[in-house]
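Take a look at this single chain in structure tokens; it is the form predicted on its own.
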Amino acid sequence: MAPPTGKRVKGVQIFRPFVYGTTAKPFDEKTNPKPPGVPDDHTHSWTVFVKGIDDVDITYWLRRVQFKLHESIPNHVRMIEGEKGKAFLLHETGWGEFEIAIKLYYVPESSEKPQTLYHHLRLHPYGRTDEEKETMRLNGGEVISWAYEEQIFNEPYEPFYEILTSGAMPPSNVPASGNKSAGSKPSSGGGKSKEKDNQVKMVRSEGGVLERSAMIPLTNRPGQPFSVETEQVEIKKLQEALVKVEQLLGKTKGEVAAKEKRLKELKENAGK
């Protein structure tokens, strides 16, 4: 962790969405042949990764990622350096499932300490219901276990704040000094020419996500399961579950009230 430079931007919290997880596929002579040199008992090829939402670049805030695999795997601690525009990927083969420790190292300008995530490698179809498991089996045998996460930077230092927000908003939206928000960037001074030189080009992904922003796609696409559409589906599920819980709660309260009434009647009859 590099020593901090500049002052913290007080009262500001910035988050950046990203995805991490594993994708596994059983070896098959036609669709996924086993490469030469792979041990006979290895049944699957798999990949563990950390990447930006909708595949946008995240190397402006994430410098490297360490993957700690099972100790039985040779060189089980692997460090992947960031390459602009590319995901942090690690490809392997094996036969068993285990927990992977994913350690995130941030860019020096952040002065942030590394953070660790944990993810269970899935090689076999899984799900809450048999239907979900069957859907995964029909997906060419490919087992996808991905998670959506949001990296939060609380009151970042000014140089890092500039990096996080440059390119995320049009220059016309830059507020005056002293009026800073999580979606804007502070005035850096130095005149218009310097501001123009430092301006990061605004780039959008295929799903319409603006790089160096907190945006997520509006709809799902193949290989991109996290979006506003996904969010709305999950919200609907939660709302439906809440209605069921309230119905069960009301039913239970009614049953309890009836039993208490009956108990009171029995006590009164017993006292006569």
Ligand code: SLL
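Residue numbers here begin at 1 and follow the sequence given. Model, not experiment: these values are computed from the prediction.
Form predicted in complex with the ligand: not shown, discussed below.
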**Prompt:** Among Ile80, Ala101, Ile73, Val107, which has at least one heavy atom within 4.5 Å of the ligand in the predicted complex?
**Reply:** Ile73
**Request:** Answer yes if any heavy atom of His42 is within 4.5 Å of a heavy atom of the ligand in the predicted complex; otherwise answer no.
**Result:** yes
**Request:** Verify the contact flag for Glu112: yes if a non-hydrogen atom of it lies within 4.5 Å of a non-hydrogen atom of the ligand in the predicted complex, no if not.
**Result:** no
**Prompt:** Using heavy atoms and a 4.5 Å limit, would one call Gly85 a contact residue for the ligand in the predicted complex?
**Reply:** no
**Item:** Any non-hydrogen atom of Tyr118 within 4.5 angstroms of the ligand in the predicted complex
**Value:** no
**Complete:** Note: the ligand not shown here; in the predicted complex, the stretch from 143-151, 88-96, 127-135, 158-166 having heavy atoms within 4.5 Å of it is 88-96
